[in-house]
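So this first bit is one chain, no partners, the form predicted alone, shown in structure tokens.
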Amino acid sequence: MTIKEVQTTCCYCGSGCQLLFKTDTKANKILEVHPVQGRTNDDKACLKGWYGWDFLNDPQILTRRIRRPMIRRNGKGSPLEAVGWDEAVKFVAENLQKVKDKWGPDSIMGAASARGPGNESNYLMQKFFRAVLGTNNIDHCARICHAASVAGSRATIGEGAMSLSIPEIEDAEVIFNIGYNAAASHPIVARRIVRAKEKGAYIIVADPRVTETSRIGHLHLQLKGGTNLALTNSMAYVIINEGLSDTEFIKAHTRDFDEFKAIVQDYPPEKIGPIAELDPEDIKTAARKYAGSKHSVILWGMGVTQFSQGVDVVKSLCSLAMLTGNFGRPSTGTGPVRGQNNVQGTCDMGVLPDVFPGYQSVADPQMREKFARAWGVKSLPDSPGLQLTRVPERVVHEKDPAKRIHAYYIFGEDPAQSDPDLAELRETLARIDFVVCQDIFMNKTTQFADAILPATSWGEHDGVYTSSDRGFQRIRKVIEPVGDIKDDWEIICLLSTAMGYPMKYKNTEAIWNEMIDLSPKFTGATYEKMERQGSVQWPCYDKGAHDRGTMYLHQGGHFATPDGIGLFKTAHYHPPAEVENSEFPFTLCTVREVGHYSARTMTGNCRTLRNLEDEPGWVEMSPRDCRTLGVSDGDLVKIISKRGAVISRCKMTERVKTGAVYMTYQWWVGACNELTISCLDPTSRTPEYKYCAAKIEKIDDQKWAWHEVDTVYSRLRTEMGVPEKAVIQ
């Protein structure tokens, strides 16, 4: 036995925890894992950090690893056939070129990956789309989570990332936690909130559910779902009208205050209380407490962003911080805590339709010229590309073939599980002429693929992730990959070269160096500096040792806008797009679960995590609603919306209000995205996952229902290459 120890960054949430792996290199096996000291995690890890590596062993619990390239040699409907890399690359390159030649560059869409691949592969993915295919139609899963944070923060303070660092949270004096349950989403961040309370911080929680965070809070604003903007505007009303604003900060560092003030004057707490189902006095208390500290922090998650007014709420939250002068010092500011391990990094790499790496606009002629010169092409497309949530619009609902999406290159994502209104999404994928999936596991989306390209996983390659608080950290190979698979960046290089644009790099560091030399905010974040410091937070402009990165943004009230001035912005509140009615009397909201991650192909293939929970998931319901429907805790029930129906288990809980139900989205049988609405925020194009109308039906024949769940689950696993019968109970 030959023992090797490797430290790397966890592959799950955006906390950026550090883990130490002990491996037997001769057997190519992981022997043990434990957390070690990192900038954000202090020798701690959550369930997924401790036990979430087992998928590297390919236990084939839920699905199976993809070990060889596969193509449908005879077109749609023909079986997938395993082929060599030369044939697979030629097949994909030729088909992409055919679509480009016939329909133009903008007929091709790309979805990159915020999960395992790392920043370098994502940098090459957007470079491939822009320099080789000639389109800005490149996006990733930030579109369905924190795109509203990016858009709203950019519009007000100029920067879409967390303005403070995760360790700073514990030294805040007031934390306003809205639409975010750190205990489920980022347990290591939750520890910082607990420490903050231990140090005397006042915790305000705005959430329709009784979450773990609200249980430790001092004030729980258990508002009605979808009323975030009414609440934040009302808090601004109180702060302004009670003279709690930081007038000196507003005068010196902001503009458009009068327009902001004019809007929020329509939101006195006495008027908003009934709308948000809150006591007006609680709104006043929250506003006074938040405004009463110069170390007040706002933390938010997808309970803010996944609404059709998500961008407006983010603008109002940034404006609340400006209103009270809570920017530019330690332990203050705004915290959109990014969900997945590298969703911040994938944004950093320019995997968005409107920016190059480093958030440099594709509409800026100087930026286009700089990147075109560096990439050796004559020109680059100047119009922002298509957001991935609009693909159904450009396939199912577009009558003009010349305007449709005809090819979709999906890299490390599973939209057939994670996007809203899955029936429409399946129709979309079925209609697209050519679909490529580059992934590690078979999943719901690979069922529609014309070509499947097998990639290495986290733990099988090197690279860099960016944590939620802008921290670049190394990921390192722990074990050797098994099968005829390649690194994601190598696959992209092969495709690019086959399409007439040679790409060749020695390693990920060579790719990284190209990227940082083109991105001023990242230029100082070298591999050497990351190795020495452990983490480098951007902006980091200088490669010299003196520039260690930036702990918090907007120092001295200088914002990241072109002139350094913050812009007050908000809007008038309106209800969600689809509200409850007599036929669909419940409101449905999607939430996270601590033991599983994303579309579950990773955690669902980890034995310990899978044993915590399995199909068909749960639907949280109030005891009163359970009594009315005549269902008991653990009963299977049918949840129905205008878009579909699923079966799940009833979880009777006092955590939720009567008339509201909650589901997690990673289940295959209890797939709540069969129900969710595809209504989008008009700016960020983020779906309104957090609110739609539904009804619940009791299932009298529970034996039949369990047989149905077992049958469907077994069929799906068989389709994913795992033939053994599912064991549910």
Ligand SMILES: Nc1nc2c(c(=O)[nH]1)N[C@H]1C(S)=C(S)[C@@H](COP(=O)(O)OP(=O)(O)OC[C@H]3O[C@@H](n4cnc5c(=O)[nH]c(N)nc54)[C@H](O)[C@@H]3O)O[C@H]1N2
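From a predicted model like this one, the values you see are computed outputs, not experimental measurements. Just count from 1 along the sequence shown to find any residue number.
Here the subject shifts to the form predicted together with the ligand, a form of this protein not shown in this document.
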Is the ligand in the predicted complex near all of L223, T227 and F307, within 4.5 Å of a heavy atom of each? yes
With the partner omitted here, the residue among M602, L425, A111, V132 that in the predicted complex has a heavy atom within 4.5 Å of the ligand is M602
Assert contact residue (the ligand, in the predicted complex, non-hydrogen atom within 4.5 Å, options S641, S648, S418, T508) equals S418
Given 140 to 148, 389 to 397, 326 to 334, 551 to 559, the stretch touching the ligand in the predicted complex at heavy atoms within 4.5 Å is 140 to 148
Heavy atom to heavy atom, is G303 within 4.5 Å of the ligand in the predicted complex? yes
Review point. Any of the heavy atoms of A407 lying within 4.5 Å of the ligand in the predicted complex?
Key: no
Under a 4.5 Å heavy atom criterion, is A184 part of the interface with the ligand in the predicted complex?
yes
**OP:** Check whether D488 has any heavy atom within 4.5 Å of a heavy atom of the ligand in the predicted complex, and answer yes or no.
**Re:** yes
In sequence order, the residues of 190 to 222 that place a heavy atom within 4.5 Å of the ligand in the predicted complex are A206, D207, P208, R209, T211
